[in-house]
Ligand SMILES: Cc1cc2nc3c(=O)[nH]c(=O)nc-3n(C[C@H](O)[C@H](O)[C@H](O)COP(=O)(O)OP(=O)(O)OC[C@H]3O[C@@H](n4cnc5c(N)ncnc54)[C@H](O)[C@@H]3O)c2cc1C
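Quick heads-up: it's one chain on its own, the form predicted on its own, in structure tokens.
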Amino acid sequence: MFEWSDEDLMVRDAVRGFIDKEVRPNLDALESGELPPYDILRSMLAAFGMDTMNAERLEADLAAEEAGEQKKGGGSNALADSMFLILNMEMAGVSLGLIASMGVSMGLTVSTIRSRGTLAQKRRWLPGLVTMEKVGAWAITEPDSGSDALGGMKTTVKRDGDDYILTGNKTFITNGPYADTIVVFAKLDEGDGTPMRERKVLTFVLDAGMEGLTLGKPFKKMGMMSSPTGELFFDNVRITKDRLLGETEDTGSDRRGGDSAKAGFTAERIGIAALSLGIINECQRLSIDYAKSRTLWGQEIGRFQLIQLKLAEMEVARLNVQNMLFVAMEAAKAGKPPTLAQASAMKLYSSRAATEVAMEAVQLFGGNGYMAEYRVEQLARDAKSLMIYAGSNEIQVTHVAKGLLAD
């Protein structure tokens, strides 16, 4: 794949039409936190028939599983779905937080339940999540365990008869303040003195309103402000066994839940490349328009070589990130999706490129670029979050290097 197809471009234009009509008029309310993103996301899914399509696809997959004919891979491949990627890209260039909220709800939360849950658990929680009737959250990060999410985890569960008692808290949880359905990772305290870092990690599904579960208020953030992020507090939450994903403590060789988490990290980091491309595209578009319209010393600033250099470097970044995404898409279609190391490399490069392009766009706009009324100011704040989100870029270096040294 070396370019978007005509069908892809038609989808892109349709998405842009929806954004112009439904998103841009509400940007101020979204960015201030006055308007949560979920109704707009539901409207978007309905406008493109994705809610119905997702529901029908889920039911077909669950019916096949019930009949003992589970499809290999357990569902759709989002990376091979160009419509999904285009939607992510275009939305990221206008309101990155919207797409982040949707990605966690319909991506991480759904995929974890789908890969680890029993058939009954999938039927219980997935129908509401795949249409965004219900808002999902994926809770693994804690105050003292960001990049060391599994090893440094302190949230615990203890057996209490046939139930479990959950204690602890999570932070930086996307959708946390408004979540209906929450996937929570916690360490099993078996009372045998096993060191915390070595304890087994179990995964549970909680619903808002459970006794002892508190959803914190949205944080005030530098960027991605249209995506509510907050804390979750677990004060002796009683959890019945039907909320333990898979309804078994047997995690096989994956004692710490690393395989499940890594699968989520891989998908999330590949998604960062699409989000980065959306920001790069929008920064470049705005910069080109500004370079053509802004005059200085009697001529358009686009005639100055230093401005041309900025635009040229934006194009290099755009091509590089787009080509990385195309290669990953083709590999996924061929049944060879990127490894965690490759996904980390994509995330490392693309997030850095998006941040550099956005900051150069601010510089190109000069004083106007520093003003909130000009879009590049928001894009610069949003882009920076991509260097931290889904694992800081520093930890990506470690994963890329481990992948190289393992060969």
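Here the structure is a predicted model, which is why all the values come from computation and not from measurement. So that there is no doubt, residue numbering starts at 1 and follows the sequence shown.
What comes next is about the form predicted together with the ligand, which is not displayed.
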| property | result |
| --- | --- |
| The ligand in the predicted complex: contacting segment from 135-143, 239-247, 307-315, 192-200, heavy atom within 4.5 Å | 135-143 |
| Site check Met224, Tyr389 and Ser392: each within 4.5 Å of the ligand in the predicted complex by heavy atom | yes |
| Selected contact from Leu98, Val321, Ile173, Leu275, since only one has a non-hydrogen atom within 4.5 angstroms of the ligand in the predicted complex | Ile173 |
| One residue of Ile279, Val104, Val157, Leu87 in contact with the ligand, assessed in the predicted complex (non-hydrogen atom, 4.5 angstroms) | Val104 |
| Residue contact check: Ser147 to the ligand in the predicted complex, 4.5 Å heavy atom | yes |
| Distance check, Thr229 to the ligand in the predicted complex, heavy atom within 4.5 Å | yes |
